[in-house]
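Heads up, the chain below is alone and in the form predicted alone; it's given as structure tokens.
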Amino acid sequence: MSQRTERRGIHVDQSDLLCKKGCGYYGNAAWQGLCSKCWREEYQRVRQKQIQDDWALAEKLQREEEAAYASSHGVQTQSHAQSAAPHPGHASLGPFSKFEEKKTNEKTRKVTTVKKFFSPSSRTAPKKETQEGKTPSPSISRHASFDTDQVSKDFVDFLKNLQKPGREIHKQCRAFIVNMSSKKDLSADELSECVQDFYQSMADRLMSHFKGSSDSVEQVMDQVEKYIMTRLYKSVFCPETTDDEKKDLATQNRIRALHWVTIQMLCVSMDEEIPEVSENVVKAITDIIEMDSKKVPRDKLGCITRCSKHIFSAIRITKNEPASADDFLPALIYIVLKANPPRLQSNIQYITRFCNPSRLMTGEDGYYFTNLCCAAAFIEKLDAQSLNLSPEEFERYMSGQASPRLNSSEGDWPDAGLAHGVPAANPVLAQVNRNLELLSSLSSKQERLMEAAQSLQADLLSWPETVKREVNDILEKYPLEILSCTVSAIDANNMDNDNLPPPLTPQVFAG
């Protein structure tokens, strides 16, 4: 690569992908660079501090109100007591006891109000009361699709192998789904907190049951996640209480506006002229788009992992050597720009909120997902400096007033993007030009083939007449003559017939 290409390459230090707390797990931009474990601890700490501050504020307001109440009614109560009762020792006892009773009632009411305000379950209390007379199964299960029913059946079949623990797991999962179906007014963070708490509680119980066998626990937790999130998908994916849909539209519009970004601008080490590379690129685009059709966070992560592996394969084939992490992120950004995946932000948030946290903290799934979050963040902040362009050029490209033209001396692949000797605006237009050339060549071949077919048809039609004419010419030139001949019989009287064989001559043998 040239010096200019190296200078405008995208590079992310691998340490930037890790948790900012230094725990060694992968971080996430949605969690302010923290891993799921540190984020939950930080979230609970901030939430507890907020509750304490609100309690302190409520108590302060309560004290001020009590002081104001006492100052405004204390003098009047005392004068009224002195004029109404003959004994000064018992005069203030009744009004003072009523004041204490009223103060206690107001304090109890305010404390109850504060508790209800900061309690997540208080918002759904009226709904729980109205659902006491209904069936225990949630409304989601009544309208479950075929896929949901199949997942439920598979989950039950899987738990049969666990016998008694399996029945307990199924009972807890169903109770959790019933509980979650009644919490439709909770925010997305609160829903995520409920699901993550259930994951943690279930994992702890399974760990004690399997006596520390992490593989068995992970296998069961995968099935639990699949069952729960399939049933809750419609109510927790892109909820109305969030701005996920707004972010999806903004990201899609942003990617559409960046359609002019070329593979050379991102310094991607992939040559789409190679058939194997082009095939891997198509598979990567298909996988990242397919992510939106999955309901389970683990399945969505699987799509991201397969997409990333196809990208690594394309880079390896192009460079004839193993791909590095510095090559991967620019290629992933390029794939996202070409695919423009539907509801990208909603899918990222869904995985972040409801995936088993162990998958996001370690392993290849966590690594690839962290890179996807980095790619989405880079696309949102992409500017002229990121692509080594001047601000004027960037604005012209963004507004559609101009389109970048590739210089063969700058690109890694001189033949890429050339059609009819003119450099194309981007690899997509170059491919279109090549397809047009191919169609033109096929059209010419088809015309020649049609001409040959018509000529053959004319020859076949004229062939019988030609054969007939040639036969007639031969018959005229060599007419058929039939000569008469007489055949003599053997016993005829004509002894001069030469056609008879010579007579037999007896031979004498000497004794």
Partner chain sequence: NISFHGGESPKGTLRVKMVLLGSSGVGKSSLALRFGKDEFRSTTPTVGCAYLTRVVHLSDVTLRFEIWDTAGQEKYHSVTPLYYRGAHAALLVYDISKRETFIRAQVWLKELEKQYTPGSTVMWLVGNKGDLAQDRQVSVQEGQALANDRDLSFTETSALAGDQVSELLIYKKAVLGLIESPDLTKETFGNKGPKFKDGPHIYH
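Numbering follows the first chain given and starts at 1. Here the structure is a predicted model, which means the values were calculated and not measured.
Although it is not shown, the form predicted together with the partner chain is what the next lines describe.
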Answer option from T241, N433, N340, S313, heavy atom within 4.5 Å of the partner chain in the model of the complex: S313
In the model of the complex, the residue from C303, V277, I333, V224 that sits within 4.5 Å of the partner chain by heavy atoms: I333
Contact label in the model of the complex: C307 to the partner chain, heavy atom within 4.5 Å: no
Interface membership of P404, the partner chain in the model of the complex, 4.5 Å heavy atom rule: no
Close approach of F394 to the partner chain in the model of the complex, 4.5 Å, heavy atom: no
In the model of the complex, S192 touching the partner chain (heavy atom, 4.5 Å): yes
Candidate stretches 396 to 404, 230 to 238, 262 to 270, 288 to 296 - the one whose heavy atoms come within 4.5 Å of the partner chain in the model of the complex: 262 to 270
Residues within 4.5 Å of the partner chain in the model of the complex, restricted to 318 to 348 and counted by heavy atom: P322, A323, S324, A325, D326, L329, P330, I333, Q345, I348
